[in-house]
Each structure stands twice: as structure tokens, then as C-alpha cells.
Ligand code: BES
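Take a look at this one chain, the form predicted on its own, written out in C-alpha cells.
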Amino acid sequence: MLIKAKVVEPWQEETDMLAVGVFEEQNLDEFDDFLKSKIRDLKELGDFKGRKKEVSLIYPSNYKAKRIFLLGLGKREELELEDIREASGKIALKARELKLKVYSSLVIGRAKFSLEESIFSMAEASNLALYSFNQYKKKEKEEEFKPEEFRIIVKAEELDLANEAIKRGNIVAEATNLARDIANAPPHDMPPRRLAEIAKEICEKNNMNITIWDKKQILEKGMGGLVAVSKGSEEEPRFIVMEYKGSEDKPLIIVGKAVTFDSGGISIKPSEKMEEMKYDKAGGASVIGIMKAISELKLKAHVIGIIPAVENLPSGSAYKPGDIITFYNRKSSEVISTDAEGRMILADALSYACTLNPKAIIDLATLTGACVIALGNHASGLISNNDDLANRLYNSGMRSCEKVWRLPLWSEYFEQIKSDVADIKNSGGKGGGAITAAAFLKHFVDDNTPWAHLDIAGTAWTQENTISKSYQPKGATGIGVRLILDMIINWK
């Protein structure tokens, strides 16, 4: 869908639908006589008071727009960027529902936020709301309708700034939708080799460097975690390194877990909802989306994306509980559970990342059910050895509404993963499971390297208690793309 800014008087805009945001207790003199009269009548009738989530469709006689879509924004002083995204998603979905080719909107949120922030959020959410994963549904794919054009009405002096904000919003949304596509894809169509091919295509198109190691090279490098986890599958592992060099700074390294399907291996999972384990590649999918957006935004940053990719299946050759695995940094782990496979491949990726002289490392992983128990589906778990990095992620999480919540990493948790036969063991039991998983990962990060671990097991796809959002269809969320991009853009 084309999104563009347009300079025009609202009543002269020829469009199938014009959207207008309305606050509670708003001074109606801010609107023209027609809108003032209509909104006053609706408020007096009690049909529309401007509360959040309220909508009303009216048909104007003296506007060139065929219909006007009123959206309640709540109290002006309480407006958040998330409200702008939510409203913009609703507008896009209404246009799709009514099968409108062209729809328009006044700028939502300019009463509190900058023009750039408001329009960026509008463009971002509009694209995200219209996302659908229907490649495998013949009828729906053939009959799918999407609006052709969305116009945001601005003043003449705002046009260039508005179009630049739209461009950035489109790039971020498209990167998020790519991550959604990869995570939503069925396991047979998205094995590690295909993940590597997509990363390579993006790097070649956007002039980024890429390194892809196959099973032989992974074995030669001593990445025992990747080798072990992949042993039960006919699909060979890949180790993917994408690099964008927009500055000469030390690199910020983003590591994404990509288990393209996780059966649990020998420690096999229950069959109920096992189909959801296609989402275990969501961390890697988000890293690919992040790298795509960074290159297209041409950010002044040095960023490396690392994706360890495997499939975890049980077979006669699969790794087993009781095995002892040696990783890239030569530390060893006793295998307690083959279903604790994510930390096994991240161990190799993190210890390799430390050799690249990073200014910071962040990993994204659908790592533990324990994190879902702790935080539900409303926030990703954050564990870090660095307060500054943790604060950056928290602040970006609040701005993007991809919220994170910090958990402790005290010495007691390290005691839980001590092993009698190896340096550590890959499971510390049920108690504090999200934190002991992070304690395991910390063994593969240098003490002087700022590091943050994001457990996205509860947020990577829509689940039973996921709060409905207009711009988040059912399925993969692309979590982490918008969060990390916000952090990089606002890094000072």
C-alpha cells in the first residue's frame, strides 16, 4: 500500500474515507463548523464521547470525502504513541473491511507528540495492521483485498518532514513483517539452509557483508552446541553472520536464536501445541528483519547480526541427556535436557561474538516457558550485566510498546547450574528457570562486555493471554525488530 503525505484542506480531500481523531472533552472549535456540529450531536446523544476504542462513521454533505471515520483518543494528557498506533491500525482495518481503495487521515497525536513521531507511528501501524500470512490458503490469497493508498493530511511546510517519517515507518514495518513471515513459515519450508538463503539475499541487495558456515565449517570451528543440537535432524545447521558497517565504531552485536523447529529432541515435548514450535526461530527471524531495516535506513552505526540456526529432532543420532558438550570458548556442559537446546546454540554464538570486540551484545531467544509463567505474554524477560544497556532497552520497550522487564542475575542462580562432571549443566530445574537459563548464557560472555538477554518466549507470537492490538494479527509478532531499531536510533 502506498502511504504519502498530502497538503489539502480536509473538506476538499477526495477520498473514500477521512479519519479524524477526537479527544474526550475536546474544544470543538478546533474543528470546522460541520465536524463541530456532528461531534456535538453525537456527544449529546451519548453515541460517541471520544473515549478510547470508540468509533463512529458519519456521511458528510459538504465534504468531498465519502465518509468520515471518528476515533476516540481518550484524554489528551494521557495519549501515548501506542494509542496512535492502535488508532492507525483501526483505520487501516476499517478501510480493508469496507474495501476502500483510497483512505485518508488527519495527523493523529500532534497535540502531544512531534509531527515526526506521530506520522512515523501512523505509517508503521498501518502497514503492520494490514499484514496477513495466507500464502498457503488458495482462496484467501486470491480474494485478499488491501487498500491501494493511504494519505496523511499535513500543512505545506510539513510535507518533506512528513514524507521522511512515512518512509522510515514503512521500512520498520516491512522489516517487522519479514520477521513475521519467517517465524510464521512452516518448518518444512524454513529449514536452516533457507534461513541462510534469505539472509544472503538481503545482504546482497543492501550491500552488507555476510558469512555463512555450513556443518563442516561449524565442526571445524569447534561449535559443539550447534553440532550437538542438529545431530538428530537430516537438516544441517548454519551459522550466519550479517554485518552492516555504517560507522567505524565498535559493533553492536545482535544474536538471534533460530531453532527452525523444536521437538525437544530426546527430551521430547508434549504433542499438544507442538506445532507452535515453528516459532522457535523467531529470534533469528527478528535479527534478519533488524539488519534489513538498519541497512535501508542507512543508520550511522556498526551492527552485526548473528544467527545460529538448527532443527532439533529425536533420532538414533540425536544428542542425549548425559552427554557432555564442549563449546566455541572451550567450556563444557553436561546435558540434562535436550529440550534446553536454545542455550546450547547461543553458547557458541555468544562466545564467537565476544571475539569481535563488541561495544555490546544483545540476544533474542524464545528460550524458556518459565519466562512466560513469570511475565505472561505482556513483556519479554530482560537479564543483563550492564545497567546502562538494560535501561536503554527498557526505555525503547516503553516507546515501541515491545515492553521488557528486568529480572535479577544473582550468584545463587549460578549455583543451580553447577555440574559434577562438566563446567556447567544445561538445566537448573524448574525454579527460576528463565534466570538459570540466562546464568548459563553468561558463561559465554566476557565480564567486561555489556550484554543483555531478551527471553521472548511469551511475546514472539500471539498466545492465549496476548492482548489484542489492531496492528497485530494472529501469529508471529516480529517482536524485537521495532524495539532494537528504536534503541539503535536513539543511542547517544
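Since this is a predicted model, take the numbers as computed values, not measurements. When you see a residue number, it is the position in the sequence shown, counting from 1.
Only in words, not in the display: the form predicted together with this ligand, which the text now covers.
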*Select, from the options 256-264, 405-413, 294-302, 320-328, the stretch whose residues sit within 4.5 angstroms of this ligand in the predicted bound form by heavy atom distance.*
256-264
*What is the one choice in Phe69, Tyr63, Trp461, Phe444 with a heavy atom within 4.5 Å of this ligand in the predicted bound form?*
Trp461
*Tell me, which of Lys269, Arg193, Lys90, Arg110 has a heavy atom within 4.5 angstroms of this ligand in the predicted bound form?*
Lys269
*Quick one: does Asp339 come within 4.5 Å of this ligand in the predicted bound form, counting heavy atoms only?*
yes
*asked:* Is it the case that Met277, even though its partner is missing from this view, gets within 4.5 Å of this ligand in the predicted bound form, heavy atoms only?
replied: yes
*Does at least one non-hydrogen atom of Ala370 fall within 4.5 angstroms of this ligand in the predicted bound form?*
yes
_Against this ligand in the predicted bound form, would Ser230 count as a contact residue? Criterion: heavy atoms within 4.5 Å._
no
_Candidate spot Arg85, Asn127 and Asn177, all three touching this ligand in the predicted bound form (heavy atom, 4.5 Å)_ = no
